[in-house]
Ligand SMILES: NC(=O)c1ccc[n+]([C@@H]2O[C@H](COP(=O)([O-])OP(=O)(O)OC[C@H]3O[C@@H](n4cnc5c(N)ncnc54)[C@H](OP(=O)(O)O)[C@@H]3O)[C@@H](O)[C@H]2O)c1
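This document opens with one chain alone, in structure tokens, the form predicted alone.
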């Protein structure tokens, strides 16, 4: 299926690793013109090498989306280079593990800025431009933890839930302008983040790392961790014109792990 993404102007934040990089790779293969952002210039250079030959334009911009000034600069760069955005993939690194009552105000504030205010600020910049063109697609990469809280990840569980509620509210407001907004909820996906969480769990529990990994896989009906491309392929469809009627949804990509109430 041709997703009709050729020359579509798309921003991918957190695009140098993991799920963000997979999204950039799939979108590049479809011919989209991309700007990928990350906090690290070095990681962006590596990501550009990994993506390699592609059918569209590929630009990079170093930005920490937990910072308003960086988001403003990123928005200005995109408008200067492309003039507008057809789509945005909002992706930010997950906050640290820790006990429910164990995080300081400073850590909570950083989580809010990374996972909630980044979404508010990016949409505040780009949705008005999408309204002018009567077209826009936005994907937020979240977590199944917003549906079924994950032990040890209170920051992610809580703040990502707020971002999802914000986007659900916004989606109803802009659907008539042909702007569709959806949230993807990755489960255990084979990324550096997942490997880091498993190491932390092993250290805190005294369990063997292989035992931790095996126990996690056994809880997933599909019997394995997700490949970032699994989620990226769905994101590409939802960002495309082929998605003509799906908005305001939170879609789990988790191998069937989370049990949702009917």
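Please read these numbers as outputs of a predicted model, since none were measured by experiment. Positions refer to the first chain, counted from 1.
Below: the form predicted together with the ligand, not depicted.
Inset, instruction - Quick one: find which of 166 to 174, 127 to 135, 75 to 83, 89 to 97 has residues within 4.5 Å of the ligand in the model of the complex by heavy atom distance. - result: Flagged stretch: 89 to 97.
Inset, instruction - Sort through 40, 219, 205, 233 and report the residue having a heavy atom within 4.5 Å of the ligand in the model of the complex. - result: Of 40, 219, 205, 233, the residue with a heavy atom within 4.5 Å of the ligand in the model of the complex is 40.
Legend entry - Contact flag, residue 63 vs the ligand in the model of the complex, heavy atom cut 4.5 Å: Residue 63 belongs to the contact set for the ligand.
Inset, instruction - Indicate whether the ligand has at least one heavy atom within 4.5 Å of a heavy atom of residue 188 in the model of the complex. - result: Contact with the ligand, yes.
Legend entry - Contact label in the model of the complex: residue 240 to the ligand, heavy atom within 4.5 Å: The answer is no: residue 240 has no heavy atom within 4.5 Å of the ligand.
Inset, instruction - Would you check, heavy atoms only and a 4.5 Å threshold, whether residue 141 touches the ligand in the model of the complex? - result: Although the ligand is absent here, residue 141 would touch it in the model of the complex, with heavy atoms inside 4.5 Å.
Inset, instruction - For the heavy atom contacts within 4.5 Å of the ligand in the model of the complex, list the residues of 194 to 209 involved, in sequence order. - result: Sequence-ordered list has one entry, 194.
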